[in-house]
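Only one chain comes next, encoded as structure tokens, the form predicted alone.
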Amino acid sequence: MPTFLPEPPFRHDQASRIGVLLVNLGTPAAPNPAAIRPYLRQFLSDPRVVEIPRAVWWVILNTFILPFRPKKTAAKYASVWMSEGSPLKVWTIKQSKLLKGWLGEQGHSEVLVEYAMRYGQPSIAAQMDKLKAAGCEKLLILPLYPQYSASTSATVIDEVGRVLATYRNQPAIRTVRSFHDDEGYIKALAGRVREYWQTKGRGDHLLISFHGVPRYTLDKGDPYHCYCRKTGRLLAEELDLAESEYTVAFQSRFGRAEWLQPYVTATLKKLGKAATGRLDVVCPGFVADCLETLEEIAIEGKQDYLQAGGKDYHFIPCLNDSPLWIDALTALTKKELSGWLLTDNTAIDNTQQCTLSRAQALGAQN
């Protein structure tokens, strides 16, 4: 017999709210092995992230990865850690606060915005509970992965479904599958690049880097590769770049299996050997700077390029708290909330009072 979580206290005059939950990948709580080990364990134990038979992967994970990798990873995190904490968490918090503020300024005070991490804290479960307790009868789940992949967006929805299964009174749910070709998102990316060019000058070539995934995911029907390619093409078109002026590549290869190509490391060495001159790099798959952009691309990528003969290397920061991005995120959220939003707060208050009056007439105590 199923056991459901206790429902939060209810009042008939409680305001009906709409919750928006921004979800990012996650981050350890601190840049040290003790904090990184449980984070990696949770992340790498997800069967959507690593599609290897569980028994085989358990041995690999616990024998060869978790005893050694946290120390190496901790040094990388330490090199990019901010005074406020993990860059990914810092920027995700700012994005959630700004989204809430911009929606409020546009008359949508009934919308509550929270953020969660798929792995680490705050968890999706804790934040869904928080929004539910605040009176949210409708929830929009917005994974901050522009390009859908089974190993990112889908695992968020898996977790949302698991949490919903614990509720007796489930809220209505909407999810954002992908926004890889959203007009506002593309324009925000292009604006970020142009802003950098205006202050730092323009490079001779633009490398557009996306996080990699194993090649077999494409063969099995995952659309991630196609979505990345489309984002890259649309960004190049928005920037009026010729095909010879940019390259799309994939970073973060792990293990011996073939991943999506071309690989960023090989591409950097190729461009360096070709005496490209100044290379600019942008990472559209990340809406917030994180370990993969600040350490892998901005630091390691620069070393690879310069050692191969490249002359100058510039990493263009992610969208972070760019006004163009927050505007695009607000527009995307409002589009996904179509039919749910209320703008007349007086009408909302009157509806709540009428609801309470009717309920009390029928015997309700509150």
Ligand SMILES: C=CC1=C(C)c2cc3[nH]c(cc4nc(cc5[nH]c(cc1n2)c(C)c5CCC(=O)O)C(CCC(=O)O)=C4C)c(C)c3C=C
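Just so it is clear, the structure is predicted and the values come from calculations on it, not from any experiment. One rule holds for the numbers: they count along the sequence shown, beginning at 1.
The following text describes the form predicted together with the ligand, which does not appear among the structures shown.
- The stretch among 181-189, 237-245, 197-205, 147-155 whose residues place heavy atoms within 4.5 Å of the ligand in the model of the complex is 147-155.
- With respect to the ligand in the model of the complex, the three residues I18, W102 and W340 uniformly fall beyond 4.5 angstroms at the level of their nearest heavy atom.
- None of A308, A298, L44, A30 but one reaches within 4.5 angstroms of the ligand in the model of the complex through a heavy atom, and that residue is L44.
- Among residues of the shown chain, W91 is not one whose heavy atoms approach the ligand to within 4.5 Å in the model of the complex.
- A residue is said to contact a partner when one of its heavy atoms sits within 4.5 Å of a partner heavy atom; R118 fails this definition for the ligand in the model of the complex, lying far away.
- When contacts are judged by a 4.5 Å heavy atom cut-off, F254 counts as touching the ligand in the model of the complex.
- Proximity of R69 to the ligand in the model of the complex falls within the 4.5 Å heavy atom cutoff.
- Contacts between 49-76 and the ligand, taken as any heavy atom within 4.5 Å in the model of the complex, involve V49, R69, T73.
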